[in-house]
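First, one chain by itself in structure tokens, the form predicted alone.
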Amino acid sequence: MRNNLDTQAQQYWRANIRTVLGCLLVWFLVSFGAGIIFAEALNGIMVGGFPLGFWFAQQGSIVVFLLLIIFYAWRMNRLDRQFNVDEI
């Protein structure tokens, strides 16, 4: 019984770490990648009258960060229900 709980806790922790790493990867790609590394290439595309690289550096990264927070909360609620560690 104890071994089964440990295995389930390890699976839950691995799923949690995968979610965090995925969110951090997207965060890095949007803030550092789109806003700095690929900014010159993205600046050839115009969004609302502004170059896309500039838009990502100023507003897009903030929008993506907010979406990441919503995604993380949704994903963790789903994992909690899947592994029966939810609070409801």
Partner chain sequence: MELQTLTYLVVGATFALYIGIAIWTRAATTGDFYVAGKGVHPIANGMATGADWMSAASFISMAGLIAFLGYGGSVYLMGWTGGYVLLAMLLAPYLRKYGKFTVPEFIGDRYYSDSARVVAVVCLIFISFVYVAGQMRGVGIVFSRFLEVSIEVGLVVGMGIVFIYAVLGGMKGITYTQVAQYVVLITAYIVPAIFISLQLTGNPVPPLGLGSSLVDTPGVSADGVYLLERLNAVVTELGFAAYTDGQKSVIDLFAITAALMVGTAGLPHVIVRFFTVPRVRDARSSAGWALFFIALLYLCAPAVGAMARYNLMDTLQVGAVGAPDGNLLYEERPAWMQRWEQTGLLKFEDKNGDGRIQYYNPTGMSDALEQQYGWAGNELTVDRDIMVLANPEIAGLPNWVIALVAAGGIAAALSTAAGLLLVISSSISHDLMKSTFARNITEKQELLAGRIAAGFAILIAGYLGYNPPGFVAEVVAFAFGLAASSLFPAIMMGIFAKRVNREGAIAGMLAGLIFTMGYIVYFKGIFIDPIGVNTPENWLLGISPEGIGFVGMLLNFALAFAISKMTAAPPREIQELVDYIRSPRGAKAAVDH
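Numbering follows the first chain given and starts at 1. In this text the structure is predicted, and so the values were computed from the model without any measurement.
What follows is about the form predicted in complex with the partner chain, which we do not show.
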Exercise for the section: Indicate whether Met76 is a 4.5 Å heavy atom neighbour of the partner chain in the predicted complex. Expected result: yes
Exercise for the section: Please run the contact check for Leu42 against the partner chain in the predicted complex: heavy atoms, 4.5 angstroms, yes or no? Expected result: no
Exercise for the section: With heavy atoms only and a cut-off of 4.5 Å, decide whether Ala15 touches the partner chain in the predicted complex. Expected result: no
Problem - Stretch 17-33 - residues with a heavy atom within 4.5 Å of the partner chain in the predicted complex - result: Ile17, Val20, Cys23, Leu24, Trp27, Phe28, Ser31, Phe32
